[in-house]
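In the block that follows, a single chain appears as structure tokens, in the form predicted alone.
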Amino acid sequence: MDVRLLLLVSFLSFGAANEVFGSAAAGAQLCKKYPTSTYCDSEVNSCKTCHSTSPALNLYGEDIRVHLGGPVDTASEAAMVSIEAADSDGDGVTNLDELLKKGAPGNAAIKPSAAVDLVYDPFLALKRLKAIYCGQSLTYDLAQKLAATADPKALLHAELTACLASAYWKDEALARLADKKIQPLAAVGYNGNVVIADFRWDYRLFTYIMSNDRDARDLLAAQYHVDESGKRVEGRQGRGQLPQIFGSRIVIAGGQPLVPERRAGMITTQWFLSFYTMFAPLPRNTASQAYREYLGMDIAKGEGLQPIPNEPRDVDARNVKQPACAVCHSTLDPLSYAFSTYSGIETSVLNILENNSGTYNAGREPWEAQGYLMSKPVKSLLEWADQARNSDPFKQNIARMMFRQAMSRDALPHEQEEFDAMWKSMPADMYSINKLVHRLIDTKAFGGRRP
């Protein structure tokens, strides 16, 4: 292998084993006992009841730990009951009242929110709307027009429609939303020194799907691509650059060589598979990135842990059965099996010439049909993606992404009802991001202020 590829492996490969102090079972126990608790709207959020940032415990989590009379999986409920009358975060509200009335027992800044009273301010909403979705400041003339109109909401939605059709929204704002999902690296992408794939295809596909009322589930379903003109194209796509194995620059791959019937949108582009799988027989990084960015669950933070019986089996002999590793790998490894028949970076001359990086190879590894996602078996990556894109976590994650873009934070307890209505509306809205944003600007979270 070329020394530059070895350096590339050293630079990009990483691994860490975080000790996890809680468990999926403990979070499930809390939400079963206090189902209306602030952070029980999703499995990801339930961790925030006891953790500030996993694995660090907040004040309530510390009280739980002190009162545990055994293993966290089995003793956490008794510990919760024993401190119901306490005030872990010292904000003057008991833990029980916080859990039952949309407070946060480990965060003094979040108290029960029944008294929060906001009024919708169209001027505030329009000012925010123009900045976020048009990249513009609110003009005096438009402010005057808003003041004079008999239907402020109609004006807001008309302005939003124009913004969502603008070049700023499609070429800049949506691309910034895609950054974390794609993680472009110039040195090994298009025009880099070692080109493993062309991430421009990923940006074009993402922004295409997220605009013009298209179905956001295509993020995990698209069997098409988008060319440089913004046009949808079918079939395999040529690499664009000839392979180059020797000399000052190495070009391993490019284009989109994966056959359409094996594609699942953003998680099967050549860049995604090459960059995250690289040379791994079991693509754990690939699966964890897909899980994190499209379902909102970060295994490195102890989120979304749903252990599968008799896992991890340590199929690639990475010593993941040891207790410190097994707690995460009992979810992560089954999550990764469906990705194992998709190649990462190919290094043989023949495979480079044939542009086989990021393609499907049924014989690559034997684990494809042994996968699980959210505790349900999946026989292929196509089943993995189908289950993912039709799940509540997918809808919640998409809505959370749009909420964070607008507000630079997650929904607060008194905003949770509006947020839930947003993501639950997605099927009726045919998973349109435009319609989701139109719903968002109507919320008091977006345009509310104290009277």
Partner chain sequence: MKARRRALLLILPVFALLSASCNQRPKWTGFGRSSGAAVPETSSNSIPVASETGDVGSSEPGLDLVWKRYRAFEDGLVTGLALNKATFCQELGKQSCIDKVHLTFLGGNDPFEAGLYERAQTPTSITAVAVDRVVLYACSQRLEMDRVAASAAVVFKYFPLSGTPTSDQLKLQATDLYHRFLARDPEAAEITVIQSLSNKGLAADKLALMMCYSIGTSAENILL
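Nothing here was measured: the structure is a model prediction, and the numbers come from that model. Positions refer to the first chain, counted from 1.
There is another form of the same protein, the form predicted in complex with its partner chain; it is not shown, and what comes next is about it.
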In terms of non-hydrogen atoms within 4.5 angstroms, which of the given stretches 122-130, 341-349, 79-87, 308-316 touches its partner chain in the model of the complex? 122-130
Please determine whether each residue of G240, K395 and Y431 possesses a non-hydrogen atom within 4.5 angstroms of its partner chain in the model of the complex. no
Is A148 one of the residues lying within 4.5 Å of its partner chain in the model of the complex, judged by heavy atom distances? no
Please check if T207 has a heavy atom lying within 4.5 Å of any heavy atom of its partner chain in the model of the complex. no
Is the gap between R409 and its partner chain in the model of the complex 4.5 Å or less for some heavy atom pair? yes
Although the partner isn't part of this model, could you tell me whether P184 comes within 4.5 Å of its partner chain in the model of the complex, counting any heavy atom of the residue? yes
Of these, Y360, F199, W367, Y372, which has a heavy atom no more than 4.5 Å from its partner chain in the model of the complex? F199
Though its partner chain is not shown, can you say which of R263, H225, R292, K111 has a heavy atom within 4.5 Å of it in the model of the complex? K111
Counting only heavy atoms, which residues in 123-160 are within 4.5 Å of its partner chain in the model of the complex? F123, L124, K127, R128, A131, I132, G135, Q136, S137, L138, T139, Y140, A143
